[in-house]
Every structure is written in C-alpha cells, then in structure tokens.
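To begin, one chain is listed below as structure tokens, in the form predicted alone.
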Amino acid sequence: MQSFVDYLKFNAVQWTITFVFMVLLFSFMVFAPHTFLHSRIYIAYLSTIPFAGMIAIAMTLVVISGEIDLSFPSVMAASGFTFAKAYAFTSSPELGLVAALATGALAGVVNGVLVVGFKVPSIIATIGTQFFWRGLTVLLAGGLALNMAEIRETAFHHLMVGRWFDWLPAQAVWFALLTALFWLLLNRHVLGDHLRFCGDNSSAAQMMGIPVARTRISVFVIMGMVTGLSGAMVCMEMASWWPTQGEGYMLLVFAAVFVGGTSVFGGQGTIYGTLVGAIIIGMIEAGIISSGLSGLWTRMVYGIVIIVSVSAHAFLTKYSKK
C-alpha cells in the first residue's frame, strides 16, 4: 500500500499537468465547439506543435542536467540556412539535413566547451552564442530570405513534412518517435541517471565516478542536433528560409518545459510533462481566438497557465517529500 502511495506522490506533477490540459481542452470545447469539436483544428496542431515540441523535449534534458540553452533560436536559423544552402548547391534535401544536423552539433560543442571547458555559466555562454550565430547567419545571407519552392516536389519532403495517408502530418510522427526515444534515454538509459545526478549535485556526481564533463557536453550536442533537425524541417514545411527563423520559439519552448514540471534548479523533470506542456502552449492561442476573445489575451493566458502550473508543481513536490 505504501509503495502505491509513493507512486502517486512521485507522479503528482504528471497528474497535475494532465489535469491542466484536460481543463483547458474542455473549456475550449465548451466556448468554441465549432472549432474544437472538429478534426481540422487537431490536424493543424499536429502540423505546428512538433517543431517547437522537439526542441522542448531536448531542452528538458538540458535543464535536468542543471544547465540552460538560450542560443537555440539562432542555432535554428543557422541550421536552416545551412540546410537551404546545401540544398541549393546539391539539389539533395538529404545532404541538406546532414548539414543542418552538423551545424547544430557544432553549436552544441561550442556551448559545451564554453560551459565545461571555460567554466562560463550556461546562461551567459548561450546568450553570447545566440548573438554570434544569429549575426553570422544574417551576415552570410546578406539579410535576404532563400526560396526553396521546388523542394515540395521531392520524396524526402513528403517523408519528413508531407501529409501521410492524405491527412497525417509527417512531422507529428517524427515528433512522437523522438519523444519516445528521449523518454527511453531519460528513464531506461544510464544517461538519464547521469543527467539527474549532474543536475542535483555535480560535485557528488563527480565523486561517484560519473563523467560529468562528458555528460554536460553531450546534452548540449543533443540539444544542438535536435534544434538543427527542427530548423531543417521548418524550412521544408515552409519551402523557404528567412533570417528571423526561430525568433518566436523562445517563449514556446521554455513555457512547455516549465509548465511540464521540469525543475529550473535541475535534477528533476519528465518527458511526458514537457510533451503535454508543449501541447498546452501550442493550443492556447487558437483556443483563445476561437472562443471569441482578442489575440491580445494570449500572453496573459500564457502567464496564468505558467504561474498556476509551476506553483502547483512546487507545492506537490514539497508535499511529496514529506
């Protein structure tokens, strides 16, 4: 009986975020039945949420490790630019994706070296690299967007962001697979334990023989590669690249992570929580507008959801330790 009670306490955060999601969804169904009782809105969500959701899932690992990465919007733009240029030179979206992943990995290595090698706090290091990657990308692009309309005719485009069975957005499938992979990494792989130990107490983790430096660098590289993947997929979805790509993702990603219950202090977080958090954040704006309210309400509702969720998580976490 005691083990069952402990299980409920341990999963309190997941119960909370699920409850918040159900309340929001039910509210939107009541106030906007013409939208939320129709399948079209959910197909639209499946096509838009995955791009930020992928990055949020990777960010969860970064925050659990006790670090933070503020450079990802610029890395997304840099990776998207690399993808667009590689595709323009080779006419191969596959090579473009490899180039985007390599760019993301390089950005992750730079962040990891600054944080681990030079002992720069991650919040400072990634602010610096955010400006660097954005500035370098805009400079190389000359401030001009790149058109890739012909990419829509390729089989790889259909594989990555096409509509499978004439209705299912492919990016939703890739998002689901990536989420499952990261859940396994966090809960069924030694890397997940290393991340939690590093985030909880890196000094103690070092004394336990955990490769703290390698773990911290690895999580930045993973973050960079997932950001590169998302940047390339956005380019494929839009059939273009633009210099401001990624700028609107900062709020969406961090809101999903923290609404999902990941501790800002590190050492604690769940992939499931971030997944539901990404869905909640992704559905709010359309829900507000469909309910007849002005879009000006959006940020205030974001704030309410974040404050309520994080406060509930903090209370339940404190209770679960009693």
Partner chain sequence: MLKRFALLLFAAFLLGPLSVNANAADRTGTGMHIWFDTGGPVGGTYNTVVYNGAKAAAEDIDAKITFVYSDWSPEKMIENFKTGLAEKPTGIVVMGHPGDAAYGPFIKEARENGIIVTAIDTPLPETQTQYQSQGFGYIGPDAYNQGAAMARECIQRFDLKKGDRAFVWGLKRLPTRGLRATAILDVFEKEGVIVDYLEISPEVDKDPSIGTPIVTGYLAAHPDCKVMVIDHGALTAQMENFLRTAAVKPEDIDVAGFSLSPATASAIKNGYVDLIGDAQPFLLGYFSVLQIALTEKYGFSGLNVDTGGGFIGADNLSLIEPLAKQGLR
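Since this is a predicted model, take the numbers as computed values, not measurements. Numbering follows the first chain given and starts at 1.
Just so it is clear, the following notes concern the form predicted together with the partner chain, a form of the same protein that is not shown.
Colleague: Within 4.5 angstroms, counting heavy atoms, which one of the listed stretches 268 to 276, 61 to 69, 41 to 49, 254 to 262 is next to the partner chain in the predicted bound form?
Modeller: The contacting stretch here is 41 to 49.
Colleague: Taking the partner chain in the predicted bound form as the reference, which of R214, K85, R152, H189 has a non-hydrogen atom within 4.5 Å?
Modeller: After the contact test, the surviving option is R152.
Colleague: Has each of G142, Y249 and I289 got a heavy atom lying within 4.5 angstroms of the partner chain in the predicted bound form?
Modeller: Every residue of the candidate spot has a heavy atom within 4.5 Å of the partner chain in the predicted bound form.
Colleague: Considering only heavy atoms, tell me if P243 and the partner chain come within 4.5 Å of each other in the predicted bound form.
Modeller: Yes, contact at 4.5 Å.
Colleague: In the predicted bound form, does T90 have a heavy atom within 4.5 Å of the partner chain?
Modeller: No, no contact at 4.5 Å.
Colleague: Test of understanding: in the predicted bound form, would V138 fall inside 4.5 Å of the partner chain by heavy atoms?
Modeller: Residue-level check for V138: yes, a contact with the partner chain.
Colleague: With the partner left out of view, is V109 within 4.5 angstroms of the partner chain in the predicted bound form by any non-hydrogen atom?
Modeller: Residue-level check for V109: no, no contact with the partner chain.
Colleague: For the heavy atom contacts within 4.5 Å of the partner chain in the predicted bound form, list the residues of 12 to 36 involved, in sequence order.
Modeller: Sequence-ordered list: H34, T35.
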